[in-house]
Each structure stands twice: as C-alpha cells, then as structure tokens.
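Okay, here we've got a single chain as structure tokens, the form predicted on its own, with questions on binding and movement later.
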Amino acid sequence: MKIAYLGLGLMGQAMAVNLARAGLDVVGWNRTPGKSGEKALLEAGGKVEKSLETAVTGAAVIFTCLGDIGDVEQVLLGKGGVAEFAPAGAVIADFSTIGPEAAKRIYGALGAKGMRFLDAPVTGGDVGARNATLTIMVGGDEKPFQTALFAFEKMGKNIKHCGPSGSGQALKLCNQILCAVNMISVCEALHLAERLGVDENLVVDVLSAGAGGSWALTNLGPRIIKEDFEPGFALKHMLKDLRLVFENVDGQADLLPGTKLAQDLFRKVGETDISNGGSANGARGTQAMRLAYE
C-alpha cells in the first residue's frame, strides 16, 4: 500500500521517517524542495518526489503536515493539489492544526470527489514525533479511520477516534489551551524560585512528581533553566493555534481569560524579538514565554 506524506518539516519529517523505518512504502513531498526532511526520509528507506502529482498518484493513504488553514486548503483543494490527482477512495489525513470549521469544509469538498478526509492533529512535540509516542486525535468517519490506523500506530502511542469531522480539531484546540496556560505556571514557578533563592532545578526534580507536575514542567522546564529556547513547538505556531481558539468562540476573549493572558505573554516575547531586529520573531519555542518575565 503506497503512503504519501506531504510536508517534511520538523514534525513531518520525523513522522514520515517512522513510517519508512517500519517498512511501509512511503513517498514524501515538500513544498520547498531540498530541505533536510527529504534527506532524512531517503536515509530511512523512503522515497521523495519533486511533484505532488507523482507523490499522490496511486496512494491509498495520504498524510499532510503543513501550517495554517490556507496552506492545507491550497495543497489539498487548490489548483494542482491532492484533489486533482489522488485516486477515488483515498484516505487523506491532515495532522495540521486548522480548527474544526476548516476541517468540516475540507471534509465536504474532498467527499464530493469520492475521497475520505480525516482531521488528525497531534500533540507530543518534536520528542513525541521522533519517538513515535504522539497523541493523535482523529475526527471523521469510522471506516477511513480504521483503514489508516495501521499507519497511525507507527507514529503515535495514543490514537483516538474522537467523533465526526472536526472533532479531532476541537480536541486539539482544547489541548492548546492546556499547553498555553500551563506554560504560565511553569514560567512563574521557576521565576519565583529564582526570586526566593531556590535552585530552579529543584522545581523540576521535586515538583514534577507532585500534584503540580506536568509534561511541560518535566520536558520544557530543563530547557527554560538552560535558556534553551530552540523550538520543539514554535511560538508562532502556538500563536496561530490560539488565534484559532478565539476564532472558534467568535472572538469572545472574556470566555477564556487564562488563554488570553497566555496569548498576551507569547505576543510580548514576539514583540521583543521584533524590537531587536525581527529575525527571531516567532521562531523560538513556546518555553520562550520565560523571557516575558525578564
């Protein structure tokens, strides 16, 4: 069974590599050719095509890992996109975060062409992508979910069919609220420890096992202490996801005050980068929220 994987960025390349290492027939394609993800997939035993048409022709399952709504719609539905070249009956699963309304639109558009769409956003960061331990939240029909499950299981550990089209995206937006607001508590706990003269490493080492422990404290706390702000999940992507959260509650920020505070703190870091020349704007990881406190 041919599998096409479209989008070989930080997350996509790791996920595609895990498919190839599992012995599956994986063909990759990237909008910008020559990126490191292509080399990584080839070294893992996969193939890379220069044209989207060649990549998806004859593919039974097609995965996409892109950026915002416009990127996904262009690759799937635009001129020269997947809808033109994928075979009828193909299962198309998108790992991007685009919100439930966009997922439902794409589901309908591809369904009209005889293709079966799943919204399948993920969480677990770059570590989860590399280690094939991602949580994959899937919205769409049960039958295509079962068709693609064998491949999902090569990329993630916690795979859940969440309901009809858009359900995976809805759950992902809930997840992003948890991640964003939790980052406030991690940064503030470390900031307080510093102010009180306590070794910040103790916050991670001791409190991770307590009631206040979290994935972010365990995995991103050490990076914050080392001032390692390289992205596992880029700040610009979190800001995009929080934009989607508020778009899906009709912009009513007062409904989600904690999320609004997190959004403001992430923006503060981005604005600081802009004032320093703009080259790093949005490129840091979400743990860079720590800089908003300095």
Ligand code: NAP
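Residue numbers here begin at 1 and follow the sequence given. Here the structure is a predicted model, which means the values were calculated and not measured.
Beyond what is shown, the protein has a form predicted in complex with the named molecule; the following relates to that form.
- The stretch in contact with the named molecule in the model of the complex, judged by heavy atoms within 4.5 Å, is 225 to 233, chosen from 257 to 265, 55 to 63, 42 to 50, 225 to 233.
- Contact between K35 and the named molecule in the model of the complex is found at the 4.5 Å heavy atom cutoff.
- When the named molecule is considered in the model of the complex, V122 lines it closely, a heavy atom lying within 4.5 Å.
- In the model of the complex, at least one heavy atom of D126 sits within 4.5 Å of the named molecule.
- The named molecule in the model of the complex is not approached by G282, whose heavy atoms all lie more than 4.5 angstroms from it.
- Shown here without its partner, the chain carries V75, K172 and K240, all of which come within 4.5 Å of the named molecule in the model of the complex through at least one heavy atom.
- Along 75 to 111, a non-hydrogen atom within 4.5 Å of the named molecule in the model of the complex is carried by V75, F95, S96, T97, in order along the sequence.
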